[in-house]
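Only one chain comes next, encoded as structure tokens, the form predicted on its own.
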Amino acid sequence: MSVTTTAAGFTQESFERFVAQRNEPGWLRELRREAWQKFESLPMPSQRDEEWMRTDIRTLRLQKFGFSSDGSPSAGAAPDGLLTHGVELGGQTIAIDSRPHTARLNEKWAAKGVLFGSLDELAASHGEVVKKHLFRAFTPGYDRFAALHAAAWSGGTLLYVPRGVTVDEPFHMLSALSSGGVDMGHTLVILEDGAEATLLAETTSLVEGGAGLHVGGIELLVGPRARLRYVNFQNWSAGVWHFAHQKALVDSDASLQWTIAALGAKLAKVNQHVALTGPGATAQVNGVMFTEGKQHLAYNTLQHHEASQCRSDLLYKAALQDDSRTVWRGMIRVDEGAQKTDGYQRNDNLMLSEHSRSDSIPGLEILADDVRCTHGSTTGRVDDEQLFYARCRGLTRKEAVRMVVTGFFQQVFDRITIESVREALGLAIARRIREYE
């Protein structure tokens, strides 16, 4: 197992040491320094901020964590992923504690100009690609966590698919944390005009229940007529603080299927934004959340229609047991010129405990007059009558609950077009279900 030494605290001294030990071009160092200045000037988010009013991070001790003190690749055994069983991969990257571990790309895709591997390394060897696209969708000054990520990212992944190239084998990236580790991975996906690709991304912890900090960023840049399927499986241990800013830019006549599964973390606060920037762009967003113990998962979603004749379709489902809590704040925003918009969002919650809590806040902000936008939300408990009839057919109470929960998520699973992902998520959720009272 790899254990990364970190410099205690995010201080000016530790930042300078972090930058000095990295072999990076000058433009990237300057970006880091600008982001660090923003980090030092911005306050920590608090419940006085509307976006954070339902999420309490007062027990977070950020000074307990710090920058990696060694920029070399991580050593030790890599964990297995859950999304790749029986799948022929086009390439794979693995990072441990925000340091590159392994990276491989099938030669047939490399011969077509595809780039896939460590963002740390490709920023040096293919700086023209990274410089052109890095932070196009990510805003370092959004809040203090975004600024910290922009200054401190490492161990990230780049996927670049040139114009007109169709990759029919999925790529896979895995990020792992040791106990007490820090992950600052940045994901940058670039699909040029008419390109197609699938990326399966997942996170895991090397120690069950181990503590840790993740401050991440995701940028999905889908060019005109391109097609991207992106899966993000958040499966940190129950001791990890998880903060992330994730945004996709979908150009004209392009399509994005973005699936998020959130099962892990002590506390998660994630902003997931999709911007439809060109006429005819489409986006389908699928969300699966399952919480237990005292987990708190807060996801803010934004479907931003910037251009005309675009379509977005968001479906989030959450099942909660024990004393856990979820917060979903969704917004469909339609700009003044985005006529012929078709936007939909829905959030359903299944309560498996009287002590769990779900906050669901859908919203619309429409500045155009020729649109069709709808939203909805439901929250309810497991139907005791369903459990009764299932048990009459020989199932135990736990088996009956598992069947009901599986049925609850089936609508989302049916939208996921990758069989290995459907199976992995279904199995991961089934293993977490306990006796329902």
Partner chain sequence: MSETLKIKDLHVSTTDGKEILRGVNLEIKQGEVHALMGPNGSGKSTLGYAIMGHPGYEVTQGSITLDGKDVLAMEPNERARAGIFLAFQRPMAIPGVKMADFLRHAATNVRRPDRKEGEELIPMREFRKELNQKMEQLRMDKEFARRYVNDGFSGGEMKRAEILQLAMLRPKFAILDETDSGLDVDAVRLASQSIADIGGKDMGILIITHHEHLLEHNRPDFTHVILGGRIVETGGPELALELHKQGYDRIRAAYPEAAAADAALKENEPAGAH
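Positions refer to the first chain, counted from 1. Since this is a predicted model, take the numbers as computed values, not measurements.
Only in words, not in the display: the form predicted in complex with its partner chain, which the text now covers.
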| So which of 365-373, 396-404, 32-40, 48-56 is the stretch with heavy atoms within 4.5 Å of its partner chain in the model of the complex? | 396-404
| query | So which of Leu28, Ala390, Leu60, Val382 reaches within 4.5 angstroms of its partner chain in the model of the complex, heavy atom to heavy atom? | reply | Ala390
| Partner proximity in the model of the complex: Gln386 to its partner chain, non-hydrogen atom cutoff 4.5 Å | yes
| Hey, in the model of the complex, does Gln410 get a heavy atom within 4.5 angstroms of its partner chain? | yes
| query | How about Asp414: is it within 4.5 Å of its partner chain in the model of the complex, going by heavy atoms? | reply | yes
